[in-house]
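Only one chain is included here, represented as structure tokens and corresponding to the form predicted on its own.
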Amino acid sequence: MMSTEEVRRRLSKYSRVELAHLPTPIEHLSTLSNQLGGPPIHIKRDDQTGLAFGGNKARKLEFIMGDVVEQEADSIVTWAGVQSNWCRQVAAGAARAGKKAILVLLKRPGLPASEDGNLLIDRVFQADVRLQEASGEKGFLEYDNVAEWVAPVLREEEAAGRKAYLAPIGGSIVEGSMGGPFGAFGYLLAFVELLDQTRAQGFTPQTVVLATGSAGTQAGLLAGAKLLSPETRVVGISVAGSGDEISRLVDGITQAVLDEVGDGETVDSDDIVVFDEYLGEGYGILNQQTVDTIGLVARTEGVLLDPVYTGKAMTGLLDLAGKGQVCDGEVVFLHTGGTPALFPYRDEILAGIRR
């Protein structure tokens, strides 16, 4: 088993731009834990990473923007949904690094696309926003024609004499200009931070629960557990696709991290835990159960969750804990941020709270 100091040392060889306010705090959700009568639940507040309202993408972008700078790119090009937390923080990270952000944002039927929430913040950072109509009910992992939307942007940058860095959605999968699992490195380092904090408080987490979509955050945490704390189980609550689909992504990204940083460790199928029962009707589609969870955590702990990611993930945690499936030892819920999305979903949230 590797030490936290050794993991830090091995990651130190990779370029990194400091963007996040670290370490983020861990809080015990005592009222909620007592109300449930189950395991002690703690929350790791990565909604407080500080970059443009915070969120998990700040950690990922530290390594990705380090690579952007090392490659001497002039712009960073990426894509996601209109209310993307990833794109919001890319816009902020690019501004900090003196780079141009070009965001290809997909407008899906039935989902908020107003100039509010994350899209408003993209505009404030003066990112170059390209809105693209995306038909159908697909989630962001299912589009196979992204290349045809992104390719013209890359050609424009080349014609203008600028070097563009193409970053994959969520900074997760190793593709585009990203030659390594740099986004997941941010969450390997986050696991190191988490272990240092919890051990200082007298415990090692038995389970870490998080919202999982493009899979880089879960993969980084899982790599950390493999290297540092094999007794810790990392549980992903899917907000974007089937359990099998997300698990394949987690597997590939985790192995890429271990190949870069580890000592020959491999990922076993039993290591990967993804529940897709709490996805509801699909990515970004709000339901009453999620609204109820957002209201419960707000009134018991004064913590705001979001309607797309953490609301669904906490719904999963509460249900699993109630069934006794997440009940051994201390549990840590990773708050990945996303609270700007509360605003474009305001009508649905208010209707759900007032019913």
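Owing to the predicted nature of the structure, the values given are computational and were not obtained by experimental measurement. For every residue, the number given is its place in the sequence shown, counted from 1.
Here the subject shifts to the form predicted together with a small molecule, a form of this protein not shown in this document.
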property: Answer option from Val234, Leu194, Ala167, Ala211, heavy atom within 4.5 Å of the small molecule in the model of the complex; result: Ala211
property: Answer range among 64-72, 297-305, 51-59, 314-322 for contact with the small molecule, defined in the model of the complex as heavy atoms within 4.5 Å; result: 51-59
property: 4.5 angstroms heavy atom contact with the small molecule in the model of the complex for Gly93; result: no
property: Proximity of Pro181 to the small molecule in the model of the complex, heavy atoms at 4.5 Å; result: no
property: 4.5 Å heavy atom contact, Thr254 to the small molecule in the model of the complex; result: no
property: Interface membership of Ala215, the small molecule in the model of the complex, 4.5 Å heavy atom rule; result: yes
